[in-house]
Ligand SMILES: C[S@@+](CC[C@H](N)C(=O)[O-])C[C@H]1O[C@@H](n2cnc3c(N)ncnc32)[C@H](O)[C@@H]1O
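One chain follows as structure tokens, the form predicted on its own.
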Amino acid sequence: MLLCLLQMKNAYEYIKYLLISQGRHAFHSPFVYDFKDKCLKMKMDFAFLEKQEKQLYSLKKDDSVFEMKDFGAGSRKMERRRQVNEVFKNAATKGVFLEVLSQISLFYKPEKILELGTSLGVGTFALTSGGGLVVTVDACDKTQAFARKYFPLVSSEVRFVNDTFDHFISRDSSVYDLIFIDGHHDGTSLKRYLKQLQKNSHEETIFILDDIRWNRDMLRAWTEIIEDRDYHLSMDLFKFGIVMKRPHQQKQHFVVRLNGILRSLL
């Protein structure tokens, strides 16, 4: 474990997280207690896991090279040659966090899901576990092409959209039950997307924010978001941050303990 901690770029944040994270008996909120005690204990069926493993294995072994368009913060396009398995290793959601995405979708069964940041489609497939419509947006057509190539056949509907986040949000009028923001790693952009997406959400929409500890800017933005009066419920899962409006409840913040984080981050 010590070696794993030394290899982590944010080992200090992980130690802090361990010290303040809470187990199931520490939660007085019925919603959060159920999240910890029921949602995070959901089991995926064998067929789902088999398809997921096949997808992950294929991406891990694909060493083909393509010109990846990285639009970055503010949608400034940069092109660079990348191997598919390199993108998978460095950018794809893995381990316990991939499991959490699947469990949230399966437990709450959102009818409409928005994912900002398709990448190779790993998180996209996890979000299909609940059977709802998944709309996934990415500005890089080349990366999204590989997502389509290795995307398993699923019973739920998945719509791949090639567009920048800002442009898509500006013209989209749909309302979503779950919104997964996975892209840019820029605190200012993250806060802007959240503000723009208010029109696309309702009081019980689950916002999942990825990589809240990617850098100081993202962590600062996360701290500001959990203090925002618009969000009455927030949960810290180390890599993920979850916020919900839920205006009918008292404003509360929880740090939820997850097992298997180190293996998932290395």
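All values reported here derive from a predicted model rather than from experimental measurement. One rule holds for the numbers: they count along the sequence shown, beginning at 1.
Beyond the structure shown, there is the form predicted in complex with the ligand, which is absent from this document and is the topic of what follows.
Chemist: Check for me: heavy atom within 4.5 Å of the ligand in the model of the complex, for each of 92, 123 and 163, yes or no.
Modeler: Looking in the model of the complex, the three residues 92, 123 and 163 all sit within 4.5 Å of the ligand (heavy atoms).
Chemist: Flag residue 193 as yes or no: does it have a non-hydrogen atom within 4.5 angstroms of any non-hydrogen atom of the ligand in the model of the complex?
Modeler: So residue 193 counts as contacting the ligand.
Chemist: Give a yes or no for residue 182: in the model of the complex, does one of its heavy atoms lie within 4.5 Å of a heavy atom belonging to the ligand?
Modeler: Residue-level check for residue 182: yes, a contact with the ligand.
Chemist: Using a 4.5 Å heavy atom cut-off, state whether residue 102 contacts the ligand in the model of the complex.
Modeler: Contact with the ligand, no.
Chemist: At the 4.5 Å heavy atom threshold, is residue 140 in contact with the ligand in the model of the complex?
Modeler: Yes, residue 140 is a contact residue.
Chemist: From the candidate stretches 170-178, 106-114, 132-140, 146-154, select the single one in contact with the ligand in the model of the complex, where contact means a heavy atom within 4.5 Å.
Modeler: Stretch with heavy atoms near the partner: 132-140.
Chemist: Residue by residue through 215-252, which ones have a non-hydrogen atom no more than 4.5 angstroms from the ligand in the model of the complex?
Modeler: Residues within 4.5 Å: none in this stretch.
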